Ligand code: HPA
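Shown here is one chain on its own, the form predicted on its own, set out as structure tokens.
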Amino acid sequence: MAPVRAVIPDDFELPVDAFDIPLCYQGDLSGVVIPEGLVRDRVRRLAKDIHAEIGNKPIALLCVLKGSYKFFTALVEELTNARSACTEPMTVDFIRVKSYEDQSSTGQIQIMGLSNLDELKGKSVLVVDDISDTGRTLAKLLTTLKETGVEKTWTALLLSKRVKRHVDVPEDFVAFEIPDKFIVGYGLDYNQKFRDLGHICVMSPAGIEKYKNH
């Protein structure tokens, strides 16, 4: 049976004033969509779903920086607990991905972090990313890993946004399905701000305007 997604309705937002929000972000957010405690509980279940699928085999976790760093840290912790009886190791690696998308683009991506992608050749890899929306960058990353010689890939996503995909990508393990809103927090940024925010929140129009040129 496929893992069950936690679906956030289009009109669901909790009042910002009901949560502990850093003073520096006062007025920048219109609502809390997913409180931090709910994220951690959901990641715990996601780790169990991942372990049930992958089982007792060696697995390499690949963190796509920067946005997924908090999700990745929590997932590694929960997977370590879920795999406590495993006799095969779990390894971790970190990359940054830059995509070049314009009218003349050849659709290339630049992968930074791994000294050599050949390190993943022949391995089973769980790609851990923060959010799926257009699907372009994740699709290209998965293609690159396949061309490198990775034996098997899965994806673990913190968020899957309900928007039309330009490219269909496998979303094997998804913590939350969310509406098409301007989301920040729990590692997701807006011009490098809000990564430290514990809750997943919706930006306010004032906040978007405030940071758009930063």
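Just count from 1 along the sequence shown to find any residue number. On a predicted model such as this, the values are computed, not experimentally measured, just so you know.
Note that the form predicted together with this ligand isn't included here; everything after this is about it.
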query	finding
40, 45 and 74 all contacting this ligand in the model of the complex, non-hydrogen atom within 4.5 Å	no
In the model of the complex, segment of 88-96, 125-133, 140-148, 74-82 with a heavy atom within 4.5 Å of this ligand	125-133
Listed residue that, although this ligand is not shown, lies within 4.5 Å of it in the model of the complex (heavy atoms), from 183, 32, 59, 64	183
Interface residue in the model of the complex among 174, 169, 188, 50, criterion: non-hydrogen atom within 4.5 angstroms of this ligand	188
Residue 165: touches this ligand in the model of the complex, heavy atom cutoff 4.5 angstroms	no
Non-hydrogen atom contact residue 161 with this ligand in the model of the complex at 4.5 angstroms	yes
